[in-house]
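Next up: just one chain, as structure tokens, the form predicted on its own.
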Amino acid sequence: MAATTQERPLDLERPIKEIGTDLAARMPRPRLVSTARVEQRMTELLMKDPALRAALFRFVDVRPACATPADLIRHLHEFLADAESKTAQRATGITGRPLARRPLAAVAGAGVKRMAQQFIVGEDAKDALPEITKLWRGGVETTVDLLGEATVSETEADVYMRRCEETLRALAGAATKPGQVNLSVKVSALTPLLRPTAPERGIEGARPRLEHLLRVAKEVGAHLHVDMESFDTREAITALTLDLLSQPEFADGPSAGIVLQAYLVDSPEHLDELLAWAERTPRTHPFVIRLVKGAYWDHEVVQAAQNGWAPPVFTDRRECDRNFEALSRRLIDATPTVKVAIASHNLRSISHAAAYADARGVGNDDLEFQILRGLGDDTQAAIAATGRQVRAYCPVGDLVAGMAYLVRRLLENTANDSFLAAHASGTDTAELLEAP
């Protein structure tokens, strides 16, 4: 490891506030009359009205299955009528008018499509290339995620693998410099056999497809990143990824990595495992660890409650934020054995990692920041403007395949305790930068 734990903790609060204040000042402000301003007001409304939020999320969920305008507006009217919300009830006065149904259907359909386009860069690699190359030209790196989770057949898994290969080759054909192609993959989409009750079946089911993608990535000079999903599949995903990357044929490539989820209470022990593996497995390209908060919080809490278990995730946001900061420091201390990707929209978390990296002399070769396309665009622009390396996570796929992803992003954007919601509501920057 490049550094050891500090005997005396660094005083990071001053540089954190300086970095965070600078980033906040660089974020674009929406004009008084603009689409961004309308979306901000809509977010504020949904934060204050959970019943309306639930009704609209139900509508978003069924939107791909609505075959006609009449079908679409009927669902919207029914969901609003069922909601215990004064705003929703007032809206049914409009959706229930016969003459208003056709134009409303057009507006509602276009609204969902626009939301999807905010988060999804294209239906396939070819469709996404203009937006991807635009980001590259703007100094923003990318990682592409092909939407579609939890395949149910070997045929679906083969299709997903072929889509991944086609995307790697398409991006490689458009890349303008080495190392620019970066693809994130989900093991649950590479096999229908990934089950917590029999992890070895999922590992063996996904192994040949992930192995093939690693060979393709090595051939075209791409980075392949393995996403983490729900807690009950973490062990299998980790075992498969580390075992394949331990094979001699992958020692000199491709560049590869995995995800660490800070919302899991035992994430420090998971990091122990990853760092120990990285230390004893020399690689030409440092193993990349992407630190995220985690996107399956609701699923983990509900599943634990149904089974009478203690939830595997932190249920206090500040505890989770403190763990994120502790993991950030450990990862930065582990460079250059590993390369670190800090994936967060939280201004405090980003500023903390940047301040600690500066104090430890860790730069862009070993550290990057990652944001989600559509959620962190302002943050992305601010980070890029400071000269720090930033990468956008860019989903690709159609609306049906992307619905689960879209709903997760909408939940994140409108959750009452989220940083994004606090920022959108105009919370003071100093308050956003307070220590958790």
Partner chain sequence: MNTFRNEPLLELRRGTVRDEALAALSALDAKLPLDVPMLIGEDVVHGQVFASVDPSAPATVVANAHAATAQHVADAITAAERGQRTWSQRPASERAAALSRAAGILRSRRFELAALAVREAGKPWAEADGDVAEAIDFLEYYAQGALALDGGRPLIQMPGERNAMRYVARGITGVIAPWNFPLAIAAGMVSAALATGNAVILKPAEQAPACAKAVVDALHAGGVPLEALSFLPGGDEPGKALVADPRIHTIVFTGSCAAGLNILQTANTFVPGQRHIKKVIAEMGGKNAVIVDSDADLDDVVPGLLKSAFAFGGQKCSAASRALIHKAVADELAERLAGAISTLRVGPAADFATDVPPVIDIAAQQRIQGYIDSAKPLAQGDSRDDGFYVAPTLFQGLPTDHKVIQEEIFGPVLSLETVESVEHACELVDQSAFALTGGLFSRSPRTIEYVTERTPVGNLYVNREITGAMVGRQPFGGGRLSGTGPKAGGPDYLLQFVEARAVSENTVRHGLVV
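Numbering follows the first chain given and starts at 1. This one's a predicted model, so the numbers in the text were calculated from it and none came from an experiment.
Absent from the display: the form predicted together with the partner chain. The rest refers to it.
K.L.:
Would you kindly say which of 232, 325, 131, 333 lies with a heavy atom within 4.5 Å of the partner chain in the model of the complex?
P.N.:
So the residue touching the partner chain in the model of the complex, by this definition, is 232.
K.L.:
With the partner chain left out of view, choose which of 122, 286, 192, 253 has a non-hydrogen atom within 4.5 angstroms of it in the model of the complex.
P.N.:
It is 192.
K.L.:
Wondering, does residue 136 line up within 4.5 Å of the partner chain in the model of the complex on heavy atoms?
P.N.:
Contact check for residue 136: no, nothing within 4.5 Å of the partner chain in the model of the complex.
K.L.:
State yes or no: in the model of the complex, is some non-hydrogen atom of residue 61 no more than 4.5 angstroms from a non-hydrogen atom of the partner chain?
P.N.:
Within the cut-off, so yes.
K.L.:
With a cut-off of 4.5 Å between heavy atoms, is residue 201 one of the residues that contacts the partner chain in the model of the complex?
P.N.:
Residue-level check for residue 201: yes, a contact with the partner chain.
K.L.:
Given that the partner chain is not shown alongside this chain, does residue 363 nevertheless sit within 4.5 Å of it in the model of the complex, heavy atom to heavy atom?
P.N.:
It does not: once the partner chain is placed as it appears in the model of the complex, residue 363 has no heavy atom within 4.5 Å of it.
K.L.:
Check for me whether the partner chain, as it appears in the model of the complex, comes within 4.5 angstroms of all of 74, 78 and 196 - heavy atoms only.
P.N.:
Yes, each of 74, 78 and 196 comes within 4.5 Å of the partner chain in the model of the complex.
K.L.:
Only one of these stretches, 241-249, 221-229, 305-313, 276-284, has heavy atoms within 4.5 Å of the partner chain in the model of the complex; which one is it?
P.N.:
Of the options given, it is 305-313.
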